[in-house]
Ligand code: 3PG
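Presented as structure tokens, the chain that follows is alone, the form predicted on its own.
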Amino acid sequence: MKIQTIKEADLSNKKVLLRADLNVPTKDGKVTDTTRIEAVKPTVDFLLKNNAQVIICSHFGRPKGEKKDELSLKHILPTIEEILEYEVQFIDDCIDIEVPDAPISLLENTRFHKEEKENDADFAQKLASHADIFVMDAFGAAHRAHASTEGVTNHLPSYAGLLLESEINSMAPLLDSKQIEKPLTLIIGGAKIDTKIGILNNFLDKADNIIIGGALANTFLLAQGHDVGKSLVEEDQVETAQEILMKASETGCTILLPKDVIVADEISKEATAIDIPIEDVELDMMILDIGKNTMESYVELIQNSKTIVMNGPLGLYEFPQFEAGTYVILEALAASNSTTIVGGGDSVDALNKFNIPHKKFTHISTGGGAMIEFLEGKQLPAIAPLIKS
């Protein structure tokens, strides 16, 4: 996949509308994870170095087309300035405003306008009117055809930023079996099958092994006839899970599910957790993590793989009793000399919780849903206009 990047653009003395992903987690008004802001800094630095004026736009939270002060980007402005190491001029709207003649400006939350998610052409044109060039660098929003991601490409010369280029260069080879260094192991966690069906089906003939964890594994265990007690499970997706297991046997892909699990009868910091074989799960037990024997077998598999892709945690890592599976697997990936790609908001959150350096991985994706859809083989609407013909 060849895309137009800012390295090919004439940026000197140009106003650049930069679509970043500043939808960062916050608590009590403070940013708790700066990964996405840090990820866009190289693009901002490149634009400034090439004498461009940078006008940043982004969404933040889910204001549903209404102006809500608690979801104003002004609240994260100090963190943005600290990471970018520049003063940033904040503008209290994103359309029908004058952009100051400053090195970096930040427009207000694009989703304060319902026309953003509707990909309204007039709204997109108003956004585009601020600039001479559009740079898309919000991979986490690339699977959305919104005015600030896809709509503006109809009005301005458009290029990929350094972050978006890195995301594509890291993951595009995974879509071509000939470019994958094998054995390839795919690790898929999370809760819902419907968000992961596409990637599972797309990799049944590419991956040597697929590890399924998290609540997602419960549905597959149920599909195999296991009792999962009162674990979170999607009973209406059991047939889908059975179909995936059947296809895997036909393609020669090995699907791995937990052989032992960590269970408890409640989800709390006081819960008593025990490690038992999957065959012993019953009654009020809830499966909340993978067991020690399963961890050891997964680590051995990772050590014998050349490419490992992980999206989603393997347990309820937010609680200390149920964090070991996710921690052990991430540590195994960090210690590996193979190609390691990790994505998804919970996966990155777990990395930060466990203080595992991002630099130990080949690539950390800033997209959750976008990563999944990209690896499904879908053409993402905000990337399609950037592809070279």
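Bear in mind the structure is a predicted one, so any value in this text is a computation, not a measurement. Sequential numbering from 1, following the sequence displayed.
Keep in mind that the form predicted in complex with the named molecule is not shown, yet the notes after this line are about it.
- Screening 166-174, 246-254, 137-145, 296-304 for residues having heavy atoms within 4.5 Å of the named molecule in the predicted bound form returns a single hit, 137-145.
- Site annotation in the predicted bound form: the residue of 62, 68, 358, 30 reaching within 4.5 Å of the named molecule with a heavy atom is 62.
- Shown alone here, residue 113 lies farther than 4.5 Å from the named molecule in the predicted bound form, counting heavy atoms only.
- Contact annotation for 20-49: residues with any non-hydrogen atom within 4.5 angstroms of the named molecule in the predicted bound form are 21, 23, 36, listed in sequence order.
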